[in-house]
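So this first bit is one chain, no partners, the form predicted on its own, shown in structure tokens.
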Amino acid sequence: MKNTATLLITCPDQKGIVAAIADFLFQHNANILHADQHQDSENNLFLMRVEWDLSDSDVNADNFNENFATIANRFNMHWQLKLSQRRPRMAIMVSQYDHCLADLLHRHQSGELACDIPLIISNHLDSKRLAEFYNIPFHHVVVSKENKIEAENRQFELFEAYEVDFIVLARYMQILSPEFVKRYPQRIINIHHSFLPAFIGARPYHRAFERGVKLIGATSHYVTEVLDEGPIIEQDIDRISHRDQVEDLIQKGRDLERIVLSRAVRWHVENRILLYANKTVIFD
């Protein structure tokens, strides 16, 4: 496992930011491995991701805040420090369709996703055997209109017990309450089976078929209180024709959903995403 730190920065755009950060890391004997930046002129914002090797550096998680405070205050920075050796803990929530869940579990087992999966929660029992195959605790929490508050409270208890850092909705077909979303801001990733903002809500493949579209897509986004309107992380599309029926759209769409969600999760785990103005910047 590599031993690196990643610094994510958002601040007003001005001269000297890159030079100040590079000089700071040089002064602390840090070897920069990756650095990327983005300027948004319309919002006068500067965003940056820089990753460095901690092996010989004398700045680390324990003393970074104290050492970096002068530069952060000078440029009015909002910053986050992430450590590669601290693997984030991802809870997966799923309903009956398990194609996205199966893809995530396979990629995790093969080492593509540098995170831990301490539990899977579902409002159906369909995925229990799959969870058992990968030796991941499975929790069945029934959700209905009558017990929604109680069900979410049970889910909160599980997240706390398993020390979950973020949540992935792998085709979890329940609308989360505002209270749920507020508890985990920018830490819930959803896959929507449509190329948003087209066909928000339920049955998008059926609506796409009725509309006679020539392209279908899938969108992974962070969840906000407004349904399917959170910051978009990744999207992809596939071409269809008049010969395709609803079942064909669903089949092609499932392939897109798997790919798009796995990319979004990987980028989140690798600390490549910065959010602003309901948008995301995805660093290479």
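Since we're looking at a predicted model, the values are computed, not measured. Numbers for residues come from their place in the sequence shown, where the first is 1.
Another form, the form predicted in complex with a further copy of the same chain, is not on view; read the next lines as being about it.
Shown alone here, residue 45 lies farther than 4.5 Å from a further copy of the same chain in the predicted complex, counting heavy atoms only.
Using a 4.5 angstroms threshold between heavy atoms, residue 199 counts as touching a further copy of the same chain in the predicted complex. Under a 4.5 angstroms non-hydrogen atom cutoff, a further copy of the same chain in the predicted complex has residue 215 among its neighbouring residues.
Put simply, residue 225 is far from a further copy of the same chain in the predicted complex: not one heavy atom of it is within 4.5 Å.
Residue in contact with a further copy of the same chain in the predicted complex (any heavy atom within 4.5 Å), chosen from 146, 210, 157, 163: 210. Partner proximity in the predicted complex, defined as non-hydrogen atoms within 4.5 angstroms of a further copy of the same chain, places exactly one of 182-190, 103-111, 83-91, 148-156 at the interface: 103-111.
The candidate spot formed by 130, 195 and 229 lies fully in contact with a further copy of the same chain in the predicted complex, as each residue has a heavy atom within 4.5 Å of it.
Contact annotation for 1-34: residues with any non-hydrogen atom within 4.5 angstroms of a further copy of the same chain in the predicted complex are 15, 16, 18, 19, 22, 23, 26, 29, 30, 31, 32, 33, listed in sequence order.
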